[in-house]
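Only one chain is shown below, in structure tokens, and it's the form predicted alone.
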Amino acid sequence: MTKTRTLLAALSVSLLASTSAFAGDVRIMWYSDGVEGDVIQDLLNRFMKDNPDIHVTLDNVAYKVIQEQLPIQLEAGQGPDIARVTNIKELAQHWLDLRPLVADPKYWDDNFGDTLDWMRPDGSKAITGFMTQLTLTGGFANKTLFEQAGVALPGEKATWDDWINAAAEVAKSQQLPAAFAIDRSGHRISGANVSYGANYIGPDGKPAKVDDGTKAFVGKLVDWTAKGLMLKDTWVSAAGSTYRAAADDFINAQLPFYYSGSWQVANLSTKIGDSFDWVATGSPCGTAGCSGVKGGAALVAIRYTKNPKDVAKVMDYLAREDIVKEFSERTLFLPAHKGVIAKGGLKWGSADKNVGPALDKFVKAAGETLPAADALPPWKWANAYFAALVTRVSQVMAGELTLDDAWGKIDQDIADKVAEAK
């Protein structure tokens, strides 16, 4: 029975990964943080109504599948026709160049030009897709818990220490399991590292060794975890570089402070409802600044598709200004389309009083990011650095490594990735 289940599971993944072999069929691999899966399905239903010769299948999968299984499929020359991904630079050799296929390449250059380099090989002029949204890492506070505890929310330019100390007071007063959590992700802690002076990129563009800025914040994070202030399970309950969010702990009012990013706004609004009031905080400050890391998810065409012309039609439709605007308004995502941004007037599709101010806070915080953080989204080795950080820092938290040992292992892990790519 066990062998049968394993075979069925393997077959299921294989079928999910396969590009559509029949003309007019397009398969999209998609993941969701919130309501965007429902929104994109609605938009695709409209597309299929207007284009009955093209059938689009939306495969909703866990983010773990995107991060861990899709790269393996791509290396084998397989995969879906289109995918929503965050590992957009490192896997860029697998994306299809849509420039000769889309109806108006200039439209793409004019409206998505600022982020096209994020998703194509260095030096390339390919059009491979577009950002479904811009994101920014940042924090959220349970305002109701702070009020119940009689603790003031830290103000502008508050440091990481200020926020953790205040959250610890709230946790103690309200008998909560921890003061805060950060998603289990090297990406999430990178804004904080940069805020303490870290720079991951060496003069030659290759990964630099772990520096004092990274050591400063990671040292704090490990110490807070050892003291029970950080929700330890978020980081030690998974292995390797596996992603784990702490959103549910915040949603269930178990955390006064949660560090994640702008993509969580719709999710928090939907699941918290009127259970409590919450606010976006921006990124706490370190010694060098108060920086988050920009990024986002991209919708990219896969070069192994059997139906490139149909894929281009789907991508042209989803990249239309009116579609991007509607998608952004309904998902509460920050758009990456220049025309939509320039015209403004986005009508956020939420009656939640917490949502508008939260999105406004992220927009403001986007202007406070540091150059070392802004250099990360298009950098080829960013994900190698993130993966090494989360793997080794988790081992330190679990008592499997010392911090001193971790620094050398992080450097070696990253060096191995660079060597593998040669």
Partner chain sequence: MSAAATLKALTGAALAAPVVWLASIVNVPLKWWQRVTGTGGMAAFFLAPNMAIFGIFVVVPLVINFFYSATSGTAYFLQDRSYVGLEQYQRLLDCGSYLDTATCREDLFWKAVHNTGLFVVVQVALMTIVSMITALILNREMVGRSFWRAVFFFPVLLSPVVTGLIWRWILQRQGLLNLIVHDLGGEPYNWLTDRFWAFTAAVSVSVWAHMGFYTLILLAGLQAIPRDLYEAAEMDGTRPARVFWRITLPLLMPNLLVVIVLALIRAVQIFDEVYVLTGGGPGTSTLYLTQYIYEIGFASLLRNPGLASAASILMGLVLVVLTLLQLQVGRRGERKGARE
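Residue numbers count along the first chain shown, from 1. Because the structure is a prediction, the values reported are computed rather than measured.
The next section is about a form of this same protein that is not shown, the form predicted in complex with the partner chain.
Asks: If contact means a heavy atom within 4.5 Å, which one of 390-398, 30-38, 358-366, 46-54 is the stretch that engages the partner chain in the predicted bound form?
Replies: Among the listed stretches, the partner-contacting one is 390-398.
Asks: Since only the chain is shown here, I'm wondering whether residue 103 would be in contact with the partner chain in the predicted bound form (any heavy atom pair within 4.5 Å).
Replies: Because no heavy atom of residue 103 falls inside 4.5 Å of the partner chain in the predicted bound form, the answer is no.
Asks: Using a 4.5 angstroms cut-off on non-hydrogen atoms, would residue 244 count as touching the partner chain in the predicted bound form?
Replies: Residue 244 belongs to the contact set for the partner chain.
Asks: Give a yes/no on whether residue 232 approaches the partner chain to within 4.5 Å in the predicted bound form, heavy atoms considered.
Replies: Output for residue 232 is yes: heavy atoms within 4.5 Å of the partner chain.
Asks: In the predicted bound form, does residue 236 come within 4.5 Å of the partner chain, counting heavy atoms only?
Replies: Yes - in the predicted bound form, heavy atoms of residue 236 and the partner chain come within 4.5 Å of each other.
Asks: If the criterion is a non-hydrogen atom within 4.5 angstroms, does every one of 71, 76 and 417 touch the partner chain in the predicted bound form?
Replies: Every residue of the spot touches the partner chain in the predicted bound form.
Asks: I need to confirm a contact call. Of 345, 123, 240, 202, which residue comes within 4.5 Å of the partner chain in the predicted bound form, counting heavy atoms only?
Replies: Checked against the cut-off, the match is 240.
Asks: If you check 384, 61, 370, 376 against the partner chain in the predicted bound form, which one has a heavy atom within 4.5 Å?
Replies: Checked against the cut-off, the match is 384.
Asks: Heavy atom within 4.5 Å of the partner chain in the predicted bound form: which residues of 281-319 meet that condition, in order?
Replies: Going through 281-319 in order - heavy atoms within 4.5 Å of the partner chain in the predicted bound form - there are no hits.
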